[in-house]
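A single chain comes next, written as structure tokens; it is the form predicted on its own.
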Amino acid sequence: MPRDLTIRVAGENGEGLLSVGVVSSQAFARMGLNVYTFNTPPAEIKGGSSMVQIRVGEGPVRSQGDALDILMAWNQENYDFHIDALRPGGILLYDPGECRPKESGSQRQYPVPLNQIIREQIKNPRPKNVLAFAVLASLAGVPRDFAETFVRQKFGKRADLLPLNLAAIQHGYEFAQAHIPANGTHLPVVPQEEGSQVLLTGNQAISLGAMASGLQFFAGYPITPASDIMEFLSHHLYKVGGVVVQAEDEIASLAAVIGASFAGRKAATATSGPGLSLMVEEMGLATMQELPLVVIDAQRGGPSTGLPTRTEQGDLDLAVYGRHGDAPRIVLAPTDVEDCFYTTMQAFNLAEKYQTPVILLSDNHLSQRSQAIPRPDPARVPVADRELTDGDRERFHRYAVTEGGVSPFAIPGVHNTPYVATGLEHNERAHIDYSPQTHEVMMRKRQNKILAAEHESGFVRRYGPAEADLGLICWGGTEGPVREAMERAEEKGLRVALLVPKMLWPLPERALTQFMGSVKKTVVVEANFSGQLANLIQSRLCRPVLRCNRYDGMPFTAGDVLSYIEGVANHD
């Protein structure tokens, strides 16, 4: 019985191919298995090569997998493009009407005439994706009655489609059981408590985390891969009294968020790199006004329009340094789908506590992938709210210099303590003041409160031995494959440790210094060309680091990182 199974389906965008991944991953999750999906749709709305990959197993599944166990190719182009990813001994499923594979002695090849079955037996092309799911489900050991029940639940509201989809299940299972030996591909059904596990994308988890934090206002402008957040919230935020506004552009979106925060509401927007660039000036305004808000940046390949549907960790410099003047902010990065929920809650808490913008750095792969995770528990992160004035008009100083740097907040129309929130420099009473002394005091006030955030607990995770020959540092969605690579390296007798900072600014310098002092060499693993976190660490700590970078628009695999680890070890 395999520990896990990695399956890829490749075909033409617009054929319902991504639905195969959605339905398959949901079915596997309901079997109690751990699921991790990965897809690469083209930037075009329809047409172009596309693929979806599902890794499923009993144990922890931390990455999309390396070599494929099963490849289903819907046409010749996608066979040619993906066949090299199929491991020796793996299974190729191909449509003989669309594909002519080369003979291979190291792989098992089985024709699956999807188009012929839907044309001659089902007599309708629409359930091709469900037919493909049925073939894969049979091969992976999903009980047929389980698949039928799942399809009834999934498509039960569409009376016109349900019979077609049930017919697709029947024909898919019958064909697979008659023509494809399932040697070594069956996965077990793992008993679990009803409702204990859910399947979410990173964007869905971020949206739910925002709602659990008390989000009341969201404004955004559609941009890949962040659009799903606005779409999800538009369907659900109103249920808890919140408002979603689709603005005319990213600048108007953040302006609306600033206004909502000034009015006392928890507010956020979501964008990607090009949109964050447009928001830089208003981020400075929010910093000067000391307004809490959250900006979610689902990073994609850049620069410019770049790679809209591919992944990259290229916006760290923009998130940390994208400003005119010294406009400090907090930057966080969740590491997996489950962490998206909790780190989003932490982002809102920090924004409220320090009355400052917080940038949450996700990425295309983390935003779009699905993972089966334990049902999120909002009680794990107690919700924080901004400190409010006691209403004493005489004693109220909106920008009072306090020990922690945070001043009481007044909500217009609620507290009888009006003040002017301006982008111009101001004194403690919010009166415009250009004097050198005032500017120095206020600059120090805004900076010191952000530096205090470095000492917040729970934003650095360490794995592996207390002392190691090699120390890995990574951030964001690279944690999964890096952690898996570390575990594989340990199995080979290599002493490797891993540090994952979730707070990237202010940089957790104390934790990084202690970690780097406990290892002989340090490698920073990140999905960008220039090594942005590596540069940040070297500039702040003045300590050299090695770099493991990937910048082709694809996420790291555990095999990528393991090869690098072994290369460093062998070089010694």
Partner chain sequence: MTDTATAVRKASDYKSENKPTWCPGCGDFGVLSALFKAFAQLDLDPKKIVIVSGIGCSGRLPEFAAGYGLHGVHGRTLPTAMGVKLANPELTVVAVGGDGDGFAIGGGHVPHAVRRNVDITYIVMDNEVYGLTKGQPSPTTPQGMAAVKRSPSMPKMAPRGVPEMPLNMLAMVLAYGGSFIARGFSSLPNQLVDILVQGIRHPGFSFVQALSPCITFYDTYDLWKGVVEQLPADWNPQDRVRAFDLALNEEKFHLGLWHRRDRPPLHEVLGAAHDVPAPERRAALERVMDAFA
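Positions refer to the first chain, counted from 1. As the structure is a prediction and not an experimental result, all values here were calculated from the model.
The same protein has a further form, the form predicted together with its partner chain, not shown here; the description that follows concerns it.
- Taken together, the three residues 56, 384 and 498 all stay farther than 4.5 Å from its partner chain in the predicted complex, as judged by their closest heavy atom.
- In the predicted complex, its partner chain lies farther than 4.5 Å from every heavy atom of residue 493.
- None of the heavy atoms of residue 352 is located within 4.5 Å of its partner chain in the predicted complex.
- Using a 4.5 Å cutoff between non-hydrogen atoms, residue 390 does not count as a contact of its partner chain in the predicted complex.
- Using a 4.5 angstroms threshold between heavy atoms, residue 244 counts as touching its partner chain in the predicted complex.
- Comment: 369-377 is the region of 181-189, 369-377, 470-478, 83-91 lying near its partner chain in the predicted complex, near meaning a non-hydrogen atom within 4.5 Å.
- For the options 214, 101, 125, 111, the one in contact with its partner chain in the predicted complex, meaning a heavy atom within 4.5 Å, is 214.
- The single contact residue among 281, 487, 456, 148, judged by any heavy atom lying within 4.5 Å of its partner chain in the predicted complex, is 281.
- In sequence order, 410, 411, 412, 413, 414 are the residues of 392-414 having a heavy atom within 4.5 Å of its partner chain in the predicted complex; the partner itself is omitted from this view.
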